[in-house]
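A single chain, nothing else alongside it, follows as structure tokens in the form predicted alone.
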């Protein structure tokens, strides 16, 4: 069978630029798909970090005027990734975060920046780059949502299209009077086009016009078709239910491998879980909390937001301490939560440690040294943190939502009776149930033989891209066959 060629269009990609799990998925998927016969190349914006890392770049497409200035597409490799880089300095040559300035204010030209990325994605999809004509164009989240619209309205024979929703909460809505400026035809305005509650909806366009829609977990695929989880798009998604599916994310098990991880002091695996103890001591020292092997360390690596349930963690600090636990937290986000956790650390020296910001090495140490990892999200499309926790033997404490429900086996009595259980799950997501989950986890931790079995179960869980890559390959194959029949 011929190799399926796929163009992935994405706004960030690990390890070149990352603000969240989208980048991890975009960076890991091409390699995983190569193993199952899919050739994927990725179109990304020419942010400074990406253009600086590009090796042996070759200009393969020129554009005289791309929303306010000339641009080109440069093909090359960076960090082992095959890339098309959209070199448009007037849109992307800016320091820092790809979406907003240093004060957290969205760049005012974001609709044009990501329309440009989408338009070029469509152009490559239509054969604009010699030697690479994709069978499928695969877009990710709102930033690339207009790709499907540009392909749909072009009129030429187009490739198949797949849109993946990583987080439905971020939809990309802009004023309707930008329709012409975004080079969309007048007939694009309407319920079957890009119109969404009297705005131009980037994500809505992708969900309306793509041949297939995927989310990053099966449970989230069901949740977004409900009034509670659909965030205004449930009607559209329910109407397109036959083409909606959930394909669970994986993680790069070479990067996240406690047996070889260069970012942690001591290596270990499922056969030697006790060897992780020095990592716990190193973690306690790093956060300035008491070095105590018997204390249960609860870890957090998260964006500090209501969605992620970090207000429940803040409200539950006393509960964690009351069971003899310690808390270490790495993250950034909402100002009120940042200040709240800083206050908690000041109020409980030696028992609560907080680092505001993001530090990749410290994230690895928290996974390798914590006894339990807190992921109490109110909604969670997939979540990668809990997958890393499983790999590292930090027992996840999670809400029963989205991908958390799909990846964790709750250590209830029946599960433990048959030797299963990889985490502690609670529902509904509220402070009282979070507190109960902390208490249940502490009781399990007090029974060390049971806890060690849970750790081994967790570390033996397959969190790789293997199964999911095969599902994506089948999705692409079926779509290509359908369009050629």
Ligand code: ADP
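Positions refer to the first chain, counted from 1. Here the structure is a predicted model, which means the values were calculated and not measured.
Absent from the display: the form predicted in complex with adenosine-5'-diphosphate. The rest refers to it.
K.L.:
Only one of 69 to 77, 379 to 387, 100 to 108, 203 to 211 gets a heavy atom within 4.5 Å of adenosine-5'-diphosphate in the predicted complex; which is it?
P.N.:
Selected stretch: 379 to 387.
K.L.:
Within 4.5 Å of adenosine-5'-diphosphate in the predicted complex, heavy atoms considered, which of 190, 89, 336, 357?
P.N.:
Result of the distance check: 357.
K.L.:
Just one of 113, 308, 391, 276 has a heavy atom within 4.5 Å of adenosine-5'-diphosphate in the predicted complex. Which one?
P.N.:
Exactly one listed residue reaches within 4.5 Å, namely 308.
K.L.:
Would residue 303 sit within 4.5 Å of adenosine-5'-diphosphate in the predicted complex, counting heavy atoms only?
P.N.:
Yes.
K.L.:
Quick one: is residue 126 in contact with adenosine-5'-diphosphate in the predicted complex, heavy atoms, 4.5 Å cut-off?
P.N.:
Although adenosine-5'-diphosphate is absent here, residue 126 would stay clear of it in the predicted complex, with no heavy atoms inside 4.5 Å.
K.L.:
Answer yes if any heavy atom of residue 330 is within 4.5 Å of a heavy atom of adenosine-5'-diphosphate in the predicted complex; otherwise answer no.
P.N.:
Residue 330 belongs to the contact set for adenosine-5'-diphosphate.
K.L.:
Does the 4.5 Å heavy atom contact test between residue 471 and adenosine-5'-diphosphate in the predicted complex come out positive?
P.N.:
So residue 471 does not count as contacting adenosine-5'-diphosphate.
K.L.:
Is it the case that 30, 33 and 477 all touch adenosine-5'-diphosphate in the predicted complex, with a non-hydrogen atom of each within 4.5 angstroms?
P.N.:
Per the other structure, none of 30, 33 and 477 touch adenosine-5'-diphosphate.
K.L.:
Could you list which residues of 12 to 42 come within 4.5 Å of adenosine-5'-diphosphate in the predicted complex, counting heavy atoms only?
P.N.:
18, 20, 21, 22, 24, in sequence order.
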